[in-house]
Every structure is written in C-alpha cells, then in structure tokens.
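Just the one chain here, laid out as structure tokens, in the form predicted alone.
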C-alpha cells in the first residue's frame, strides 16, 4: 500500500465539534487588529446614520409628491392669460369667454379660478373664528371663481355646492370692505374637510361662521373632501382651503379650467385657445397645459432631490461594500497559513466560509449599534436646522438590514477564496 501524504492524513481527521462556530477565536483575532476594526466600525456607523436618515428623507419627499389634490387631475386643462391692463369690461368678457368655451365639443365643465392645487402662485386668507380676536386662527387658501366644484371634480361630503345666484363681482366686495361696510355679509363659502376638522373638531361645520377680516364674514354651506393649496409646502396645512363665491374678471390672475375626457385634452385645449383668440385676437395667453403638467412642474424639485438622495445612499453603500471587500481580502491574504492549519485540523470549506461571514457580521453589528445612536443624533440636528420631523425608530432597522446584507455580500468573495485554501499550505514551512 502506498504511503499517504501528511496533508491527506490531516485532511481526513475529524474536526472538533462546533470549533469553527465558537466566537472566542473570532473575538481574539479582532482584538489583535483594534485600529483597523475601529476604523471599519466608525465607517459603518456613519453609513448607518446616513442611510437611515436618507431613506427617511426620501420617504418624506415621496409622501409630499403623492399628496392628493382632491381634483380630477387627468381630466383638466388650463388656459392662463396676461392682459396688458385689466379691461374695464373684464366681467362681461369673462362671461363671454366662459359661454364660448362651454360650446366646444368634448368639454364637460368650464370654470374660472384664481389658482389651482400645486400651481405655485397662491392666494391665502387669515381665518378667524371671531371678528374681535387679536390674532388669526390659521391661514387657508382662498379659491375664487365660478363652477369650481363641477369643473375640478370635487367631492362634496356635506352640505351643498355654491349656487349661481350667490356669486358677487369681486369689485363690489372690495369696495364695501374699503368703505368699512359689512353689507352683503355673511357670504356663503365651502371649506375642505381638513379645514373644517381643524376649526371645529368633532362638530358639524355647516352653518358655522368665519371671518377673513373684522367685516368680512362667511357662513359654511358645504364641505369638500379634499382640496390642496397652490403652495402646499407643509403637509400638515396643505389641505386648508376655502371656496368663496366671487365673480372674477378676465385679468392676469385668472385662468380658465376645462374638464374633459383624458383622451380629449390636447384636442380640447387647442380648440379652446383658438376660440378665445377669435373673440379677442389681441389677448396674450401665457400658459396652455394639462393639469398633469402642472403637477409635474410643481414637484420637479422633489423628484430631483429624491433622486439625489437615492444616489447618495447607493454610493455610500457601495463604498462600504468595497471597504469590506478590501479588508476581508487583506485578512485572507494575511491568514493563509492559519487557514491552512485549520483545514488540516479538519475544518471544511463551509467552516472557513462561516468563520469569515460570522466575523464580518460581528464587525457590522458593532458598527450598526453605534450608527443607530449617530442616526438619531443626526435626526435631531436636521430637526433643529431644517424643520424636519423626528426620525421614526422604525427606520433604524432599515439601515441595519441594508448594512448586514451589504456586509455579507461583500465578504462572500474573499471568504470563498479563503475556503479554497488547501490544507497543504500548513506544511510548506515545515
């Protein structure tokens, strides 16, 4: 019988039970590389803090971009004009324009408004629950114009819509207030559900009075489910809106809104522009767009910021993964003889693989624990300087899971190379 090599004899030895899965050898090895260990842990901690807060900021942006407007977004088109000077007969011109637009085939409803949700330029009023209170209760968007409930596709949850006979020319109201008169008040108005809940929690808002000035009072006759503000920057107040029955003239602050079927929007928009120019060839039309374009323009910066944050998160995770790969490769190269001895004593390839994965898991875990503290501290700093909400604790596991996965994937390549170190390496210096 031929003699068997020493490597073959050693490879067939039975390894001690669970010897490779004990933590003591791993911890002992890590204690001999304290500087490298702490540097890697600090890197992981910083990345954990960045990832947790970055994911939270992306979620905040997404929540803001998905904010409901309350209107029939895919059925609306807008035509906005900018006359050189308000014509003296602007009310008559507005009525003529609206009557002409209603005759266009495919138009379901036509309205006129001083603003649209997420339109950017906003008209807001200071709401008071008493004409004598020294400070406003809150600020809410003021929507002026005709036929807005039907045109915007708003959903009434209580009360009724405004009637045509309840509308008043804006100049009449402005003159009365300038003269210090409260004639014609209280006027009817619609409010959003969010505004009604904020002003009269657990009460029926119908019939309630609010004041926009000490003389200008309004009685709530209807409540719409949702109607976002034109400048909905703050989520908490984005749905505070009112609809006031004022006739607005054909001036620069008004836009015509047409509701039609989604597939007819471009055709109706072109026909509407042509019809308006036939009435007044000298009119200057500044914007002709679908509401989808309005919303897209408003949230463009949010889309860009979310994209930047996602790129930063991906970049820092990639850098972390590369750092782990580099360190693990260095340690494998430094421990080739040690690995060979372990193989000779009976360790299988799976044992070597598990050893390096367990070692990396411990390092990443230590870094994550420190990183969660840094993540919360970073959140407090962002709250103080950028008025952001506090980081929910539920986002901390997101960063931990991401780093654990990155760590295990990154160490897999070097660990596989280590598992292929042959037992004969242990005998080369003998």
Partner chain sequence: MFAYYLDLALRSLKRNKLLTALMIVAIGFGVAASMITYSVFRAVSGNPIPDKSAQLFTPQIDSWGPQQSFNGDGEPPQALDYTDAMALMHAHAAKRQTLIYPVQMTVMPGGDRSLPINAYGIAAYGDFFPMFEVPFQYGRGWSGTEDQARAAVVVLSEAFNRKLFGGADSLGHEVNLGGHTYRVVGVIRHWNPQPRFYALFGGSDFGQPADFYMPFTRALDLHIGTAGNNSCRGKQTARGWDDYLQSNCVWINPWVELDTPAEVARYRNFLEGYAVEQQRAGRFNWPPNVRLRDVTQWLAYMHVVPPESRIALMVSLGFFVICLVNTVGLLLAKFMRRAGEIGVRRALGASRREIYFQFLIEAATVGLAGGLLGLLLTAVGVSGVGLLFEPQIARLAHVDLSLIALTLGVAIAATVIAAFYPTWRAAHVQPAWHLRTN
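Residue numbers count along the first chain shown, from 1. In this text, all values refer to a predicted model and were calculated from it rather than measured experimentally.
Another form, the form predicted together with its partner chain, is not on view; read the next lines as being about it.
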{"property": "Exercise: residue 281 in contact with its partner chain in the model of the complex, heavy atom 4.5 Å", "result": "yes"}
{"property": "4.5 angstroms heavy atom contact with its partner chain in the model of the complex for residue 157", "result": "no"}
{"property": "Contact of residue 135 with its partner chain in the model of the complex (heavy atom, 4.5 Å)", "result": "yes"}
{"property": "Partner proximity in the model of the complex: residue 368 to its partner chain, non-hydrogen atom cutoff 4.5 Å", "result": "no"}
{"property": "202, 103, 263, 286 - the one with a heavy atom within 4.5 Å of its partner chain in the model of the complex", "result": "286"}
{"property": "Contact residue in the model of the complex, chosen from 380, 39, 373, 393 - any heavy atom within 4.5 Å of its partner chain", "result": "39"}
{"property": "Among 66 to 74, 358 to 366, 45 to 53, 398 to 406, the region lying within 4.5 Å of its partner chain in the model of the complex by heavy atom distance", "result": "45 to 53"}
